[in-house]
Every structure is written in C-alpha cells, then in structure tokens.
Ligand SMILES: Cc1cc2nc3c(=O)[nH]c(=O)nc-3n(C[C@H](O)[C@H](O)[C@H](O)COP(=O)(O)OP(=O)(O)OC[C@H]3O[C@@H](n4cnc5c(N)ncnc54)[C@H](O)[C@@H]3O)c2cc1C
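Shown next as structure tokens: one chain only, the form predicted alone.
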C-alpha cells in the first residue's frame, strides 16, 4: 500500500546535502507496488525521479516538481555458480563487503563507492581497473513503456564508459529492481592501477580482504566518502576526458603554451603506439587537468574543489546551494577550456533544472538534452 508524502525535503536524502523539496514522495519497499505508484504518477501527469542513496546527484534549490520514488527493497541472495542477486535498495559497499566475505572475486576494487546497487548499472560504475559491466549478468527492471517486469542482459544494457541505456537512449524508461552479478571463486587480482600497484610492491598475491582495505585507504585519502563526510559531496563531479588523437595534439599544443610545467606529465597519457589520426580514444584524468590548471582547493563561498582530489566538489559548510555549486563549476570549466581546450563533462545527475537554467550555467546542448530529456 503506497503512502504519498507532499513537500518532502530532499536535502537530507542526498549526500551533497543540497536541494529543495519533492512535490510528492513515496517509498518503494514492496516491488508489487511499482505498477500502482507509476499509474498514480501517470494519472496526475507527474514527472518521476527514482531515488536510491542520493549519492550521484545535485538537486535544484527549487526541488523536484514531481513524484520521487525512493527505492528501499533489500536482500542479497547467492544463486549458485558464484552468482549473486542484489536488491536495488542495498548499499553498494555492503555488497562488496559481502562478496569479499564469501570469497567471491570481481568487485573488490569497487569498494567504497557510495550509493545503492540500483544506480551501479546506470553509470556503469568503475574504479581501479574494474567496471561493473565486466561482471553484470542482467538486471530486473520494470519497463514503464510496456508496463511489464523484464530482464535485460548485459548486452541489452548498452554499456560504455560511464554510460548505459539507463542514462542515455532509454533514460527514465526503466526502474531497476535487482541486479545479478557473475563473480569468481578463483582469485582474479587486478593490481594494474598505479596506486594499487605501488601499494602491493613486494606482495604480488595479496588476499581479497587486503585489496579491499587498500582500495578503501586509497579512496579515503582522495575522496571524502559521501555517506560519512561532514562536507557534503556527490562523489566525482567531473568525468575523465576521452579524446581523439587529433584532440590530443590540440591539448598538447595548449599545454606547451599555457601549462609547460605539466607537459611531461600530459605526455605520459599518450599511448606508446600513438599514431596520429588512427589511434583510438585517449583517456586523460580530470584530476590531472584540474591540478595542472591550479584548481586544487579552488573555492567560492561555501563550495570548494577538494584540495586532494579536485574532481570532487565539496559543500564545505553544509550550507551551500545548488546555484553556488553550478556557478563554481561554470567558472572552473571556463578556466580549463581556456588553458587546455578541453570541455570537462559532469558526472552527477542534475535534478529539477530547466534547460534555460542549465544554459545559463554554461552547459552545452548535448548536456542539456541529457539532463532534461
């Protein structure tokens, strides 16, 4: 039986600790209620927002003018053959903890990533050499277009870097209810990431628990964990740049002109087999770009780029507004573009903003379509 609340504050339900109220709000614990809830929204022509842990979003100061569905179903079940089925309301880091305790390999490098499991497939979450798409078998969803429960395979999810059909081509069509992962009882150590590799010098075969603890320590030095931080944040705010070989040449030229002290570090990201006009996309970490531009610790009022990991935008005082955040982001992106020629794309979902508002904050039409589509 659904219980609708009105004008429910969203600020305490997000890790950024920012945002106005939801016009209407309902908690979803019993999956059998999903059809009734969505029918209610359709009857009253309400936009809907599916809310999990609130860790990868920035809510407008005006809130959300529609129905917020807070997914709270729980449960982790072992299915045999090293597969686990996870309810969308489960805290993701608890899932990783469970897998490690059971000796199931494949997601230990994804420790300490905030949020609930329902959001993991949406972003194709990845860190330290692992991506969820590498182990995801399928997701159970409620399809709002056909009003049916469906199971979507890994291929049907359309995964790429930080993307899936759930945040691109079929955004808002599906409500993810559970996720099945294929893990391994055999050790599959991934120590390729520089910080992890350095951590285990002299110990080439660390235990799974040792890897999890190392990842937690590494992340905690760089990222304030949103669920525990006294400085609200949404995790990484800026995506890493994936650019073509031609674009890399332009960036290299801009570094020579504006940031010569960082040129050698930039060139480390150029593949050794780099062939102009033929090479595939090259990844440049946004943390490096922000550091090179002198933006570590960049602050405006209540908002600041994390001094240790500048891709994280901090609500330093707990009193910041969404407007303050996006004004800082606009200024930061303008500085980066002027010095490097790169346009830094943002990672969190921006909730409750109009196209006109986003245009005013410097978002391009591609981004506006993503956030308002």
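A quick note: this is a predicted structure, and the numbers were derived from the prediction, not measured. Residue numbers count along the first chain shown, from 1.
Keep in mind that the form predicted together with the named molecule is missing from the display, and what follows is about it.
- Contact check for 15, 49 and 118: all three have a heavy atom within 4.5 Å of the named molecule in the predicted complex.
- This chain lacks the partner; the member of 136, 251, 175, 157 within 4.5 angstroms of the named molecule in the predicted complex by a non-hydrogen atom is 175.
- A heavy atom within 4.5 Å of the named molecule in the predicted complex is found for exactly one of 122, 99, 181, 293: 122.
- The named molecule in the predicted complex comes within 4.5 Å of a heavy atom belonging to residue 114.
- In the predicted complex, none of the heavy atoms of residue 357 sits within 4.5 Å of a heavy atom of the named molecule.
- Of the heavy atoms in residue 219, some are within 4.5 Å of the named molecule in the predicted complex.
- Contact annotation: residue 24 falls outside 4.5 Å of the named molecule in the predicted complex, judged by heavy atom distances.
- In short, of 75-83, 186-194, 238-246, 106-114 it is 106-114 that has heavy atoms within 4.5 Å of the named molecule in the predicted complex.
- Counting a residue when any of its non-hydrogen atoms is within 4.5 Å of the named molecule in the predicted complex, the hits in 335-373 run 347, 349.
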